[in-house]
Ligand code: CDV
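Form predicted alone, single chain, as structure tokens, below.
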Amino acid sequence: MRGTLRGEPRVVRVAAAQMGPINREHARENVVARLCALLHRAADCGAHLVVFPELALTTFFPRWFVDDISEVDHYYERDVPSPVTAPLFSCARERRVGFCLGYAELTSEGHRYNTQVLVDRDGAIIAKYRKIHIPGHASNEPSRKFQHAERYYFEPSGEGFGVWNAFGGRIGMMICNDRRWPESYREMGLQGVELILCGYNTPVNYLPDPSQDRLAGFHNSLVMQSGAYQNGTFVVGVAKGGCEEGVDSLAESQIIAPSGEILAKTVGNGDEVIVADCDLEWCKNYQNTLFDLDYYRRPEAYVRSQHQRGPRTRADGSPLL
């Protein structure tokens, strides 16, 4: 173990900018105005970085299925910034506040991604992340109360989990369902991540297994707190919550310390800003002791996690080697 704990403070004041519902009839210009208002509110609190939710520019359109996917092209962004989103970038430059923004991306090659960008305090894009763990289904399931057709509308990224030097530290990103998978955090942990930014849209009603509905908030906190602790990193999870187009979505946005403790958490399910001072040096207390990955990890023992997607057993139930 290196055993080196905190040095001189490296404090990033982070704001989680939770949003309430965005309905189908809401114009993109009005949504961007809401984002700007949240950014100004965060700037007034002294924030250096504002984190917005997944698909922060539109309603959660995968809840509907259309046979011709081009009918929903208007929900996707071809360029960011665009004339419509440019005011948010101007606000960032004006207030000297960076931000992380989730949106649907349609590339010039026709690829459709669930995307997040990290923008610096000058309004310039530092990094882009495209969602890897795509939940839901890829075909029409009309018996459902509402669809969760993310696998129809988005393809999984093959770019992996990046970590970038920004805001005086090592910053990573993930989106919604990524937060449920320990590999997401560990891939970034192995790159020395100190702050993970995650936007989400999470229905409270999980149709495949309604017994999990009452645990939605618990599971949300559980996975992010454990990911933060086991990798010695701050985690910021930001929701688009409330009842959107008749579907109740989880709020409970939160900022989590490397200790796994929740530093700040929203109290409502609408537009709301919470702020916490994240001293990135705190990460060393865990990355250089209990979770000194270089000292303790045994990758030679983790053979299945690299090459196997799901459980495999023999007919008698014993594991295959």
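The first residue of the shown sequence is 1; numbering continues from there. Values in this document were obtained by computation on a predicted structure and should not be read as measured data.
Keep in mind that the form predicted in complex with the named molecule is not shown, yet the notes after this line are about it.
- Shown alone, this chain has one stretch from 234-242, 84-92, 176-184, 189-197 that lies within 4.5 Å of the named molecule in the model of the complex by heavy atoms: 176-184.
- In the model of the complex, residue 52 stays away from the named molecule, with no heavy atom inside 4.5 Å.
- None of the heavy atoms of residue 128 is located within 4.5 Å of the named molecule in the model of the complex.
- Taking non-hydrogen atoms only, residue 148 approaches the named molecule to within 4.5 angstroms in the model of the complex.
- Within this chain, residue 135 lines the site of the named molecule in the model of the complex, having a heavy atom no more than 4.5 Å away.
- Contacts to the named molecule in the model of the complex (heavy atom within 4.5 Å) from stretch 190-214: 201, 202, 203, 206.
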